[in-house]
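Take a look at this single chain in structure tokens; it is the form predicted on its own.
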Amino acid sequence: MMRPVKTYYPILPVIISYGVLFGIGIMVPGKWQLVSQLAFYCALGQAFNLFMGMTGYVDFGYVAFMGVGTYGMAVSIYYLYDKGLGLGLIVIGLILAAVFSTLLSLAVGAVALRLRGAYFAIATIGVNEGFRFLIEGARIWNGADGMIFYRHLKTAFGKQTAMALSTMWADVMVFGVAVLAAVLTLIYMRNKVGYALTALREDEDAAKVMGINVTKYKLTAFITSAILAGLLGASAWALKLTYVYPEDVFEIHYTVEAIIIVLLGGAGTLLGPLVGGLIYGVSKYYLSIVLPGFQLLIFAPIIIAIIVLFPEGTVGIFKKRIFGTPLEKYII
């Protein structure tokens, strides 16, 4: 039985917001760099929120999925550039990014998802560092020397196309990941997956008593979120930068940024990660211009104040304000 169209109305503000953001980047001279940065933060928040927001579990090793996704695209271009695959080379890179992140999420989830709360968070802290040291120590994919593959990309596509892929189209793919993450989040919210995740987030023991297979649904959200992170790493890092070093792609501060974005916008909401990404990205960008070198010193207390004053996030506060109005059906 098909669900009413109005069930999916909440996706409209998200799609419109990304469309406006993309339009600003295209039409306003000199703004594409800022827009691409904002798109990355929004996509990061959307992907991370699908697990953290819907389950209440905080994964401090989240950047590891982005890292292996980066290597997925890098491996495709580095080793297959001379096979005459054309755009199939990029498709294979995205597939490898999804496969690598899925395998890692299965390995991590099989162990860590048996834990709860702080124990889960502690168990995931070492994932990114552990995987980084594995790559460096075992010299997997050139180890600490990394992979530089702009020459390979240029050989495969030609100079002009390679430049277009590593600039414009890499950012377009980031927008695609952000929209995909939002659509999947809404689908989960409107189906039994979302209901089960909401139940376990509120009271996991009660959810088990009611017959919900909490491990199954946690793993579903965990893998989906990991795949989105892998695709984001493949596009925003590998394809855009055309190089990858393990010490760069496994930096834990990206996970911290994802947590901040979700909390700023509103964990478990559809629009929250987008709003949080915009607030975080714009503030970070302009503070670095106005107060270079002091932006983190100023930004940190601002973030803490917002999170303390608005524990439900900015979208959570907005939802309360529009309750009972026609706008209510567009914000969840």
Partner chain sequence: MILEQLSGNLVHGLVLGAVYGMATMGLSLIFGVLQVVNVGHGAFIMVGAYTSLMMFKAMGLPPVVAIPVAMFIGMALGMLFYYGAVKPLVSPSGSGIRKPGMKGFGIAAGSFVALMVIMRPVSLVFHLHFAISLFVGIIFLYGFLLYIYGGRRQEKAPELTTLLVTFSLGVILEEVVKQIFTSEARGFNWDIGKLDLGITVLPYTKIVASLGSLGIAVLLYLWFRKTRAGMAMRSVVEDDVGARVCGVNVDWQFALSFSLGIGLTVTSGVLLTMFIPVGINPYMGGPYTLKAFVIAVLGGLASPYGAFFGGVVFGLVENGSYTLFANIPGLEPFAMTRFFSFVMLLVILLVRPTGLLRAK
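A quick note: this is a predicted structure, and the numbers were derived from the prediction, not measured. Numbering follows the first chain given and starts at 1.
Quick note: we don't show the form predicted together with its partner chain, though the next part is all about it.
- With its partner chain omitted here, the record of contacts in the predicted bound form names 125-133 of 87-95, 125-133, 229-237, 158-166, defined by a heavy atom within 4.5 Å.
- Within 4.5 Å of its partner chain in the predicted bound form, a heavy atom is found for not a single one of I16, I26 and W141.
- In the predicted bound form, its partner chain stays beyond 4.5 Å of every heavy atom belonging to V179.
- Contact check for F310: a non-hydrogen atom falls within 4.5 Å of its partner chain in the predicted bound form.
- Using a 4.5 angstroms limit between non-hydrogen atoms, M54 is distant from its partner chain in the predicted bound form.
- Mapping the unseen interface onto this chain, V111 counts among the residues with a heavy atom inside 4.5 Å of its partner chain in the predicted bound form.
- Think of it this way: in the predicted bound form, its partner chain has a heavy atom of just one of L241, I223, A121, L186 within 4.5 Å, and the residue is A121.
- With contact defined as any non-hydrogen atom lying within 4.5 angstroms of its partner chain in the predicted bound form, the contacting residues in 235-272 are I252, H253, V256, I259, L263, given in sequence order.
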